[in-house]
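A single chain comes next, written as structure tokens; it is the form predicted alone.
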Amino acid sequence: MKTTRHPRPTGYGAFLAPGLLLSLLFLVVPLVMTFYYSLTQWQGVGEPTWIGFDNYTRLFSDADFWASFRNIAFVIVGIAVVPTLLGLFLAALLFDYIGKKHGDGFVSLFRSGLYLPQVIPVAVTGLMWGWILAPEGAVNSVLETIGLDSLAQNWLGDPGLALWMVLAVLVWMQLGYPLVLFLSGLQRIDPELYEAASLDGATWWQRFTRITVPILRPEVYVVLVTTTIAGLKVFAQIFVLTGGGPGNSTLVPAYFAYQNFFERADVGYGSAISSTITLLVLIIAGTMLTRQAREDG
């Protein structure tokens, strides 16, 4: 008796083809081209001149490049570390105290208010904060009104203050993102764990550090990875608020690359900066994800 042969399943490769093709066109090809131009001297027109790794040699002896990396370390603190810690603490506070005392509606209102800066265009928030922190802006006007004229400053024009002001704005813009993720993560924690800990006499802080933080570790990793990568690529906030100045006090690698690409027409050198940022992002993301995978078993 002849048996009917069924065709072998071909999998889902065909469904992945459009995504792979788009990734190839809009991700892989630009990355390869950027690395190629980083090995040339090119002003954006005409034929590039091959110079090997000269741009990278120049890069590592460039004081502005190292200044931009010192600044980006502060930016990562402002855009990743501080919002993560504050978001975790505020989420637990809203979940344990404010939600139980005032209801979920108040928590939703608070969460929406803190998340609002995430959905407002960066150009709008940058202009708003530029006006607030201007020498004739809202902050100085309030200080003068209450008789504290001596504290009025050129907040974004003083090299010693500009980066701290940028950090404050970044914390305000970023805080809602971890807060929303942590509030969502708190919903999956078994309430019996908190009840058992309370019966054993645990304080709120002990429940927070021994139950909440360990269980929310996957969310903490996600927030830290995504915000650290966002911090390394930060550009729009610097462009709108300070333009990298005064001097190079708020210069960051992405804005430094932009200056070389479009203001100095040094495309080869700008490509070397961009390639270095890309490599750094891949190393940090790979390291953090590998560590998370090991801890998750």
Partner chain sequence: MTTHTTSTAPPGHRRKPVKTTAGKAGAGKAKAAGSRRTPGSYAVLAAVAVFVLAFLAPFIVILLNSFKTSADFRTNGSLSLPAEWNWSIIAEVWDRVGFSQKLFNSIQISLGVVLIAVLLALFNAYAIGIGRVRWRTPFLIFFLGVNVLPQEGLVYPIYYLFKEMGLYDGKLGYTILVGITYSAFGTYLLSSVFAGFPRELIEAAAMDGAGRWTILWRIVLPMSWPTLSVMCVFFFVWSWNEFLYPLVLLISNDNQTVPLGLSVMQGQYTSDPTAMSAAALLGIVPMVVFFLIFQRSLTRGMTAGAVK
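Residue numbers count along the first chain shown, from 1. Just so we're on the same page, rigid core means the largest C-alpha set that superposes within 1.5 Å between forms. Just so it is clear, the model here is predicted, and its values are computed rather than measured.
Keep in mind the form predicted in complex with the partner chain is missing from the figure; the text below concerns it.
I120 is the sole member of L148, A202, I120, V81 with a non-hydrogen atom lying within 4.5 angstroms of the partner chain in the predicted bound form.
With the partner removed from view, the residue among L161, A152, L127, L85 that has a non-hydrogen atom within 4.5 Å of the partner chain in the predicted bound form turns out to be L127.
For the chain shown alone, S38 is not a contact residue for the partner chain in the predicted bound form, no non-hydrogen atom being within 4.5 angstroms.
At least one heavy atom of W42 is located within 4.5 Å of the partner chain in the predicted bound form. Among heavy atoms of R264, none comes within 4.5 Å of the partner chain in the predicted bound form. Using a 4.5 angstroms threshold between heavy atoms, L167 stays clear of the partner chain in the predicted bound form. Highlighted residues H102, W131 and Y258: every one comes within 4.5 Å of the partner chain in the predicted bound form, counting any heavy atom. Using a 4.5 Å cut-off on any heavy atom, the residues of 190 to 216 that reach the partner chain in the predicted bound form are, in sequence order, P191, E195. Core-superposed comparison between the shown form and the other one: the CA of I284 exceeds or equals a 2 Å shift. The Cα position of L27 differs by 2 Å or more between the shown form and the other one after fitting on the rigid core.
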